[in-house]
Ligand SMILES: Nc1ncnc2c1ncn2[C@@H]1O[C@H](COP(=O)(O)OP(=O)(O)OP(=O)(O)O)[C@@H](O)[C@H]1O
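A lone chain, given as structure tokens: the form predicted alone.
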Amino acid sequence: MLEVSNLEVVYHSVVLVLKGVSLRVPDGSVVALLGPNGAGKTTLLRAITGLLDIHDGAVTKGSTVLENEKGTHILHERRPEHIVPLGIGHVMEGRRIFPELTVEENLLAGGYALAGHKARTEAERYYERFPILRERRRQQAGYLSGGEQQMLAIARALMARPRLLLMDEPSLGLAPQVVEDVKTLIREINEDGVSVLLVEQNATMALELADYGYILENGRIVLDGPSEELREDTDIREFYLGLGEGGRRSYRDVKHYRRRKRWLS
């Protein structure tokens, strides 16, 4: 479905953030993208959805291509408003709901590409899926709890009926029980036929959900493979799952040079 090939992205015409990234999201799959802060994960999602220019970023090399029933679409040459109708949704890091709008207005904004009555019909689907949103439909979204806002952000992205959903840190800042709810929701979304590219620092959650995973460090893919293999990889267990030979460790305690040396050895 999605093919990213040798992608390079530069910010402010001078800062090279992505350095030849390639990955694939097959139809019907969940693919995890893991990596530390600053690795370029959010930048990759922006490149796919056409949001680089508002951050003064640009694709300088490579391509992002979507294959669907309508044909082949070169995404990096399109504007966001032309990418969404192709079947791509984006749940941004930090939720990015419209806090001063009501829950219902947020949902209808997500369905802007649908005719008015169709958008309201679609909203009813997500009220059934998320009963708490029905209860809060007239309430300003900024007053929702963190978990409720995340549910709203996911429902808003689904309003456009995407076939591919990009999710940027959906578990960030949520209580453990809410994280479990989000994990269940992602699994259900995938079972409904939606492919998912999942960016997460919660590696345990991501690798439980994903079929395949990529590790992004300093703008480059340094490791990839089936999720089962990544879960058993010694370096992944130490640096991302906190299960080194000496037991659970903090990722922050691991020196960067040592990590890079082990990836490249």
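So that there is no doubt, residue numbering starts at 1 and follows the sequence shown. Source: prediction; values computed, not measured.
Missing here is the form predicted in complex with the named molecule; even so, the following discussion is about that form.
Contact with the named molecule in the predicted complex, judged by any heavy atom within 4.5 Å, is made by just one of I215, L197, A39, L230: A39. The candidate spot formed by H12, T43 and E93 is fully in contact with the named molecule in the predicted complex: every one of the three has a heavy atom within 4.5 Å. Here the chain stands alone, but in the predicted complex its contact with the named molecule, taken as any heavy atom within 4.5 Å, falls in 31-39 among 61-69, 222-230, 205-213, 31-39. Heavy atoms of L23 never reach within 4.5 Å of the named molecule in the predicted complex, leaving it off the interface. Among heavy atoms of E169, some come within 4.5 Å of the named molecule in the predicted complex. Interface membership of T49, defined by any non-hydrogen atom within 4.5 Å of the named molecule in the predicted complex, is ruled out.
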